[in-house]
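The chain below stands alone and is given as structure tokens, in the form predicted on its own.
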């Protein structure tokens, strides 16, 4: 397929390089003919408008991969709604405006599958956006991400900038957050299964009924998709990135237990929230362009657990 944008020789700023997604992007882009730029929090607070504008002016680059965000699971979203909407709105508006002011040619904005309505038809296609109410447990994050999509569209419409939005499904992998206060379901279950195994526990508690369904994409596959889309996608509408199939939470808990080596039983707690009943993305548009995920779920889980074991001593648990 012909490229719509040639990344060769471009200077690329990866915002959020310390996070799971940003780190995977840095790893993936390192093998390509581009110059990758990053900035730590001590150097650049993305919520500081003046600081962002000054940094962009003195660190010229061509492409922005906007992977920076305040993220978390149901517990974090429920207890820190102001953080989730404020931080993400500030990051997005500051970066889009600074990019516009300083001649950045391309923005690849990362959204989330939570932008779609709670009861959207499954699998969820890109045109489901804004067709119904959001899932209440993560609406603050979702609204901020929807604002990011609209920012990309607005700057494209008014100024002709080639800014695009990418909507990944639930992510996991190397560099994930295993802190139970902020972790998403997969790393939270993996840590709990690991600790249950070490303690010789007879059971593993799983939030909710276990019947809701989720789609999981290995983060290195997302990074590969971002490289592909940087060169092959240039449209105002967002594009979904996923694997095109989902599993129940009970299934993923069982698979994680097998990978970790926990041999006890699963105990589901229906008093805890399930969240959205199902979240499966329609990835037909992406497959038509010529890209598909490559990492099987069990293989991705094994890689993630191996990384967790190697780094557990340094993680903020």
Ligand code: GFB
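Positions refer to the first chain, counted from 1. What you see is a predicted model; the values in this text were computed from it and never measured.
Note that the form predicted in complex with this ligand isn't included here; everything after this is about it.
None of 99, 120, 151, 114 but one reaches within 4.5 angstroms of this ligand in the predicted bound form through a heavy atom, and that residue is 114. A heavy atom within 4.5 Å of this ligand in the predicted bound form is found for one listed residue only; from 124, 196, 226, 188, this is 188. Contact with this ligand in the predicted bound form, judged as any non-hydrogen atom within 4.5 angstroms, is confined among 91 to 99, 217 to 225, 231 to 239, 135 to 143 to 135 to 143. Among heavy atoms of residue 274, some come within 4.5 Å of this ligand in the predicted bound form. When contacts are judged by a 4.5 Å heavy atom cut-off, residue 208 counts as touching this ligand in the predicted bound form. Within 4.5 Å of any heavy atom of this ligand in the predicted bound form lies no heavy atom of residue 161. In the predicted bound form, this ligand sits within 4.5 Å of a heavy atom of residue 279. Contacts to this ligand in the predicted bound form (heavy atom within 4.5 Å) from stretch 43 to 62: none.
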